[in-house]
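Only one chain is included here, represented as C-alpha cells and corresponding to the form predicted alone.
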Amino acid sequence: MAEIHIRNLVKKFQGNVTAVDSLSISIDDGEFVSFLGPSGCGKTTTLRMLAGLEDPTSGEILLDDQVLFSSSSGRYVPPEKRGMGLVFQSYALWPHMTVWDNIRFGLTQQKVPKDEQNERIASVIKLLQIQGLEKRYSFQISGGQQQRVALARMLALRPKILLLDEPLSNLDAQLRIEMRSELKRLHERLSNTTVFVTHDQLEAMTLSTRIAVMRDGKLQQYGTPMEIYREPANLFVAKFVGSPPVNIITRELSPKHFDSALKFLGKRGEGAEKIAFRPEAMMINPSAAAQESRWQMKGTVAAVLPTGPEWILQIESEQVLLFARMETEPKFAAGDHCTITLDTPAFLIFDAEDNRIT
C-alpha cells in the first residue's frame, strides 16, 4: 500500500507569502495524480513538501499510517526515509558519470549489494528501453534519453511513491508526446502511486487518474480528468482546462445573447451571472430553422484555422468572439454568415462568485 494523505497543509515564505493554503487531499494506492495550475500556484512547493525538501508551516502529511510530518506533534521524517523517488525538471544527471553509473549512484548510497545493483540496473534499462546507452555520458545522449535515464535512476531504488516535477517541460513537442506514452505505459505496468506536477493541461488530462487544479495556493477542484473538463467547479477551472478555451457570455459583454440564453434555460439559469460552453459543443450551420429544443444565435466567421485532424473557427456575434471546434472540414470562409446551435446540456452556468451552479 502507498496512500498519501495531506491534511490542512500550509506553507508560508518570508514576507507572509502563502504558497500553499490549507490544502487537504488524499491520493489512493496506485493512482496517478497530477497537480495542475499556472506558475506560482503552489504545485511544486506541495511536491517538495511531500518529498521532505521543504518544511511545511503547518498541517500533516501521512504515507499510509506513517506520519511524515505533523506540526502539532513535531514529527518529521527526513527525505531519505520516506520511500519516495523524485525526478526533477532538470533531470540532475551527473555529467562525469556514464548512464550506468548515474543509475548506480543511488543504489551505492543505499549500500545495495553489487550483484543486486547490477540486476536492478539491467532491469530498469530494459524497462525504459535505453539499451546500448550504458557507457555514454549525459552530454552524449538526447533530452528524451536523459529523461529516461533519470526515470531509470529513480526506479532502480524501488520507491513506494514516484514524484515527477514537470519532467517533460524541457522536451520538444514530438518527444513530449512519446514520453507521455512512456509514462502512461510505466504506470500501467508498475502501478506505483505517482504524483506529477505540470502546468500543461494536456499532460494532466492524458496521464492522470485524478487531477488537483490549484490557484494561488488553494485547491480549486479534485477529480477525474473528465469530471474536471465536463463539470468544472468554478470558472477558473473551466477556463484553465480546455483548448481552445471555453466560450463565456455575460450580460455586460452581450446583453442580447445573455438574456436569450437565460430565457432558453428557464429555471436552470436562475442565479446565473456567466454562461459558458465548450467549443466542440457548438453546431455551426449556414442557416437553421428555429428549434425549441436548442438555443441559437447568429454570427459571422472571423477566421478558419486548420490544425490537421480538426478545424478551429473563430466566430464573431454581437461583438463577442467565440471559438468552435469541428472534426469535419467546414464549408465556411472568413466573412460568411452562420448560425450557432447549442443543446441544453452544453451550458455551464456560474454565479456571481464564479462557482458553477449546474
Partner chain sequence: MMNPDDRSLTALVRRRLYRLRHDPTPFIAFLLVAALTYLVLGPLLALLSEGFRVQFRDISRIGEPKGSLTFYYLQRVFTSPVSESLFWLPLQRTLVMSLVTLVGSVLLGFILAWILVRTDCPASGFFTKMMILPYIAPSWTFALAWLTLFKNRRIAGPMGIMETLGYAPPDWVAYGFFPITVTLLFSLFPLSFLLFGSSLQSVDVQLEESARMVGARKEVILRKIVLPMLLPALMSSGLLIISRTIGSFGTPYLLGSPVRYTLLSTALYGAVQRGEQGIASILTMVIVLIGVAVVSIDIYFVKEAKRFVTVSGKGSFQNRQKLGILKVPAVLFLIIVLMVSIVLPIATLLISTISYRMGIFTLDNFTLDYWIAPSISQLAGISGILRNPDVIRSAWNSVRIVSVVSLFAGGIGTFIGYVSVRYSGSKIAGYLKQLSFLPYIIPTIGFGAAYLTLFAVRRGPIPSLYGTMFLIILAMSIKYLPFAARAGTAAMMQLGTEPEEAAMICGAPWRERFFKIVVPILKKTLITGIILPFISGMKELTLVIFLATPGIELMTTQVLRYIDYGYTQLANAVTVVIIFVIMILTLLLQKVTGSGITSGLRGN
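If you're wondering where the values come from, they're calculated on a predicted model, not measured in any experiment. Numbering follows the first chain given and starts at 1.
Unshown form predicted together with its partner chain; subsequent notes refer to it.
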Its partner chain: the contacting residue among P78, P113, P286, G132 in the model of the complex [heavy atom, 4.5 Å]: P78
Listed residue that, although its partner chain is not shown, lies within 4.5 Å of it in the model of the complex (heavy atoms), from R189, K126, H96, K263: H96
Contact check for G242, T307 and I349 against its partner chain in the model of the complex, heavy atom at 4.5 Å: no
Contact of R325 with its partner chain in the model of the complex (heavy atom, 4.5 Å): no
Touches its partner chain in the model of the complex: L235 (any heavy atom, 4.5 Å): no
Non-hydrogen atom contact M84 with its partner chain in the model of the complex at 4.5 angstroms: yes
Its partner chain contact at L253 in the model of the complex, heavy atom, 4.5 Å: no
Options 178-186, 135-143, 105-113, 266-274; stretch whose heavy atom lies within 4.5 Å of its partner chain in the model of the complex: 105-113
Sequence-ordered list of residues in 140-157 near its partner chain in the model of the complex, where near means a heavy atom within 4.5 Å: R153, M154, L157
